[in-house]
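There is one chain below, alone, in structure tokens, taken in the form predicted on its own.
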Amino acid sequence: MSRTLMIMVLSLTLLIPELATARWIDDIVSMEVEATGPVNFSHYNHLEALGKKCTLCHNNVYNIVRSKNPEFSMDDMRKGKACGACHNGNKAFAVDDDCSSCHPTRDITFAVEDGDAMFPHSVHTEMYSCGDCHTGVFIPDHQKSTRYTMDQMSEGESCGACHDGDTAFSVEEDCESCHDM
């Protein structure tokens, strides 16, 4: 066997598995979501789960050319569009089941005069689902900068909706639990 032929056979032997596993595509596709921050979609995770069948999504649900994809909302997904085509609770977890699987969560610090107040997402998501707060009490919106006073919270607004002394410690009880003092 000639040296050139041997190099070609060796190259193909190494290249074919790479093509077959689709590792030549970008793994992470980041989608900007104004209300929550970026959602990072992993091609590799989905390829593993779906048996490397790119055509299940492309071009049925998503066009391979990103600019040709329409914008979609959580309501659209709940109706079976975009991610909701599979994330419906039957094929894969429903779009409302575990928000943090797709949406980033982080601790939030509020700069206030009486000592910065910190909201620890991890503490709260151990006890509650995202929808317990983010469908009514706190609607995610990075543009919204509503500030509540301690008096408003004592009357059940904002954190006071749960921190009422019954559901959780009262906003009037332990200042150091939230405020950097």
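Here the structure is a predicted model, which means the values were calculated and not measured. All residue numbers refer to positions in the sequence shown, first residue = 1.
Just so it is clear, the following notes concern the form predicted in complex with heme C, a form of the same protein that is not shown.
When heme C is considered in the predicted bound form, R106 lines it closely, a heavy atom lying within 4.5 Å.
In the predicted bound form, at least one heavy atom of K91 sits within 4.5 Å of heme C. Although the partner is absent here, E155 is not a contact residue: none of its heavy atoms lies within 4.5 angstroms of heme C in the predicted bound form.
In the predicted bound form, heme C sits within 4.5 Å of a heavy atom of P120. The pair N90 and D132 is looser in the predicted bound form: their Cα-Cα distance rises by no less than 3 Å compared with this form. Whereas the displayed form keeps them at a certain spacing, the CA atoms of M77 and E126 lie at least 3 angstroms closer in the predicted bound form.
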